[in-house]
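One chain comes next, on its own, written out as structure tokens in the form predicted on its own.
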Amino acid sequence: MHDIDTIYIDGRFVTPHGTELFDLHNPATGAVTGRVRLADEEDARTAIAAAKRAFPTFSRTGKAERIALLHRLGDAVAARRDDLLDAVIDEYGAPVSRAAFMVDHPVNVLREAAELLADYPFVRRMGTAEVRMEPLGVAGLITPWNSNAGFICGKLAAALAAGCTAVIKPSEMSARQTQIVTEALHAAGLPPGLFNIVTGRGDRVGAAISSHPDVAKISFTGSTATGKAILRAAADTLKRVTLELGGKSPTIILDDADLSRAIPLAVSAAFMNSGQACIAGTRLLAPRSRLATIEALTKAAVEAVRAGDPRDPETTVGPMVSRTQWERVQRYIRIGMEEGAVLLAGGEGRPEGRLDGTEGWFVRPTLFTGVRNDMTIAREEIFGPVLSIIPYEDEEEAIAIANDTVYGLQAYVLSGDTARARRVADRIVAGRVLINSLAHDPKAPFGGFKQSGIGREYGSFGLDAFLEPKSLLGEGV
């Protein structure tokens, strides 16, 4: 059992003022594996005060000091790789085939921030003015459960590179992973108050951070509904806000695509991170002229997806993170059938071959066809391994369907003609469009159009988000 009864404030592990206990589970079995004592509003205020005290000194540090600090953090997190890998599998249910990326990513984002910082122009000449990029102040960083360590380290890396101090509120469902990351970050020996980590509920700790007048910046990753609530709370004090929210990403297979390559890419895009990914390509747009072939090949590919024991190297879809999430996905599968979509693979219930004797939160990888873009399963983010095939007549209709969504986070275009794919990609309204690829580049900005968010993370755009330009004009400039 993992009993976690401390949070991290002002360079120390302390007992929370909050007294609520929250059960931790192994999603592959449903068994309780520990408990975490949750922080409350008072803890959030104490953490914000510590970050505020640390800001004046830290904001005046130079590049070399911050670069060295980021490298120390990266090395410290790397030293706990094995512990973090075990927690990611047992607490989140990430398949071991995916978990390696999830524990290397937090190290990489810290080191990439140090690399970016080396060449970042904090002082710029614009006309007769000298423009200085100044750190905003205390940053509130609110992170989700579907890539816990990566989001904590990625947001913290950008904040520290900019010269901000931070208060981090991770998901209570990822407390064991958070504890390991916190211990690693503490081992790096940063000055007290630079970062503070308070695990608690969003409606208490998250709300306190979002509305506190001493917090200058909010960076949030999570649902669109929660993002809107944070934006409203931040408005009273005009906080700078970055929101990375939901998605309903289209994967467009053009009629000239090599299906032997396109179908595996499309299924991987849909089921990445067990389908619990904001960038998942859950709408598969198929040319009607090749629909029957695409249905048959995609059905075979989905039926071949291994859903089960996350420690089995052959598994690519692990359990849902919680019973609530499992029930959510089951409800959407029922809605799909009730609204007239044709079930080609999967469906309600647990997959065959799951862990014997367990009641883990496994979902059957599911494929629908005959889906219209106005159906619920084509409009709403399911956050599970459910893929919908939507037919289209021609390229113009494909683009129209792809853009007919309140979201605009990521999209995929698959074609045998790269130039044609590029022309289509140029017309898709999304923060990232991937062509014949599932590539990720940490230097490229990440974020969404429309209700997929506000602002960008990663690279220079991500660093800009924690800075404010100040112009100096006149004598001596």
Ligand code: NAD
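No experiment lies behind these values; they were computed from the predicted model shown. A residue's number is simply how far along the shown sequence it sits, counting from 1.
In what follows, reference is made to the form predicted together with the named molecule, a form of this protein that is not presented.
Remark: of stretches 104-112, 369-377, 139-147, 184-192, the one touching the named molecule in the predicted bound form is 139-147 (heavy atom within 4.5 Å). Shown here without its partner, the chain carries Phe151, Gly202 and Gly222, all of which come within 4.5 Å of the named molecule in the predicted bound form through at least one heavy atom. In the predicted bound form, the named molecule sits within 4.5 Å of a heavy atom belonging to Lys169. The closest non-hydrogen atom of Thr315 lies beyond 4.5 Å of the named molecule in the predicted bound form. The named molecule is not drawn, but in the predicted bound form it has no heavy atom within 4.5 Å of Thr165.
In the predicted bound form, the named molecule lies farther than 4.5 Å from every heavy atom of Ala44. Taking a 4.5 Å heavy atom cutoff to the named molecule in the predicted bound form, the contact residue among Leu414, Leu409, Ala51, Leu70 is Leu409. For the residues Gly74, Gly308, Gly206, Gly360, the 4.5 Å heavy atom test against the named molecule in the predicted bound form is passed only by Gly206.
With contact defined as any non-hydrogen atom lying within 4.5 angstroms of the named molecule in the predicted bound form, Phe446 is the only contacting residue in 436-451.
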